[in-house]
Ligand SMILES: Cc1cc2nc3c(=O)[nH]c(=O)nc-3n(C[C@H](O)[C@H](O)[C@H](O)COP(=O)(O)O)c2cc1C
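In the form predicted alone, a lone chain appears below as structure tokens.
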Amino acid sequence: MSYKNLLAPGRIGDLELRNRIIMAPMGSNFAEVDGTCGERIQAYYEARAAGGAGLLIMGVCSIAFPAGTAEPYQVGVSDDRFIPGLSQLAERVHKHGAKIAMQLQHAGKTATRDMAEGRELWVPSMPPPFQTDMMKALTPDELSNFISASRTRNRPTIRVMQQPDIEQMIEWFASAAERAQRAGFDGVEIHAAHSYIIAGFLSAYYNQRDDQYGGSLENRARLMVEVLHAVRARTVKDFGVWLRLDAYELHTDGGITLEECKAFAAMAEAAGADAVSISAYAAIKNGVAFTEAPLVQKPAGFLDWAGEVKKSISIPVISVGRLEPDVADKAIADGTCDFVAMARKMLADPELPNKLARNEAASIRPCIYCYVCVSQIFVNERVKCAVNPFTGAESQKVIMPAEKARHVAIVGGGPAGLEAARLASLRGFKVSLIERSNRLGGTLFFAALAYPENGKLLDNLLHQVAQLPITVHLNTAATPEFLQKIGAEHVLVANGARRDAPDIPGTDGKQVWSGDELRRLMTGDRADEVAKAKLSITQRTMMKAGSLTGATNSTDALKQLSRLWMPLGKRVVIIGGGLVGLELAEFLVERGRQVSVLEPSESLGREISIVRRWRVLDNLNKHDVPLLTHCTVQRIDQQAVHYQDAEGVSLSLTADSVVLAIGAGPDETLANKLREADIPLQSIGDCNNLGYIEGAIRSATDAVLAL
């Protein structure tokens, strides 16, 4: 594709943008403790500007810092002391040809830092009672660090805003916009969504006032309109001013609707807004609601709503919400929206716009929607990206040319090995990639079956490795003799984790599978050894037929084949409720198996990021999958798995097949063997420290940058 519509210049008011790609505002926790913009956040935004975006919107900048904040490291814009850092940031963005705006925010009833630090919560009216079960899925450590866990023991003090408070709020917004202009920013986005203070006034559910700021649509919009007028009065004509609005407040009786959103957008246009950005919000009655809105899991989840709003106004509409470049290009061409804002994609690859312009879409590092980034916010940590360790460390992690172009051999073609090979080649090393099986990808290939987004990462890694001068050796054992033969001067060992069978009677039964055995069988990695031990002649024939047709060389084909045949019975018990066990449970449920999960500890999915864990657990609960914790498995026989619960009561689950999803750990066996041969090496990925995809990519990056 040419992406000519997405890459075409555009205008928001008098603000001229080089393309229609906007970095969406997203809280990063990259500011300093005092709210100033230091090197970390400046380098973070500069990298996205250099990557080719037309406009960057810096998320959730506090107009009354520290009051009204929801994150511990939020950007402040409430005082002139913030201007120097903001000015430096704007200057660094501008030198790359991008524009930068600031999203102005007061969190209102969700100002969790106010709760934690004993300040009053400013609200339009007393919030209705609210209950959520989102905490149930958290581990004890996560609960202790959760964003609101440090609140005072007393109930938060609620301040229902009176007229002087409303005037103060308007002044905060206006003075913040004026300050942004003085700092060299090109515009501001007024956050009027996501249950924050202006959205609280807009919503008939949260706004129960009986004065001029409550009741009718016009009254509820009065604060929004007065803020717009005040901001316009304090800024120059060519300074961009727009709003973020909710198309809907989901799961909220009496909440904002699309028709109301359209009316609010029209009022905003009349009040001088240059554009509107259309998002949505869901009442977080359970964790999975967060991935309905505002952080939508559904592809293009808000696009149709943006299109409906566009029909009712003449100013530009910005669409957000998991928009792939081809979908975004078509949406602009069709007139559904005028600009597209991306957040998670720009964390995964700041160079996305430049790569589209160079017709290198296949080289864009994809977001795998694992929610590692936003899950950090919930536990008061700085944002990170599972597939891009450079995010938030742009000034510390730099790909520099190697001082000496040594020959680096990388053992293992999984995610750590592939990323290490890519980066080593980019640094100018001579690279050999050695894989014992007949395919690159390692456990990532199997992980793509359980969660398809992982397959996009695998495709990207394979594509980038194929574009570089990397020598690949398949079906090759990394012996000391072979490494000496090819002249390897340094070795990075990335041969994956060790998976030991737990000490449970019955684990040697034919109906009992380790996760590694399933992986090998399904992907063809030394599958014959497993097949002979576990499968009947008929089953081996079916497996061989799948291999001969090439099905096992494609994750898409293998997914379809696995719906027709898998070496597992109808009733499956998975021992282990971590990342592997839960994703495998999802995979098997979708293939018609009756699945139960037994977890020895008190927590499920502790290796999965909080937000994605909410989704996985919700999906399994909807399929009525028993998820049992505090279980001690005593033995396995041909008919059942026998275990004790937390009270020591002996119970059993009938099982045709059992899958062991516990016992994984680092495997230094190969590395130690090579060390004995005096081969200089370093272990990376799961063979060094069990970290799954995020740990594999991060350890590979750190190791190669240190060479």
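Note that residue numbering follows the sequence shown and begins at 1. These figures come from a predicted structure and were not determined experimentally.
The form predicted in complex with the ligand is left out here; the points below concern that form.
Stretch-level contact check against the ligand in the predicted complex with heavy atoms at 4.5 Å: of 676 to 684, 650 to 658, 54 to 62, 34 to 42, the positive one is 54 to 62. Highlighted residues 231, 241 and 268: none comes within 4.5 Å of the ligand in the predicted complex, counting any heavy atom. Distance criterion of 4.5 Å from any heavy atom to the ligand in the predicted complex singles out 24 from the list 24, 12, 21, 696.
When the ligand is considered in the predicted complex, only one residue from 383, 423, 303, 579 comes within 4.5 Å through any heavy atom, namely 383. Contact annotation for residue 364: none of its heavy atoms lies within 4.5 Å of the ligand in the predicted complex. Using a 4.5 Å cutoff between non-hydrogen atoms, residue 320 counts as a contact of the ligand in the predicted complex.
In the predicted complex, the ligand lies within 4.5 Å of some heavy atom of residue 295. Residue 598 falls outside the set of residues with a heavy atom inside 4.5 Å of the ligand in the predicted complex.
Counting a residue when any of its non-hydrogen atoms is within 4.5 Å of the ligand in the predicted complex, the hits in 188 to 205 run 191, 194.
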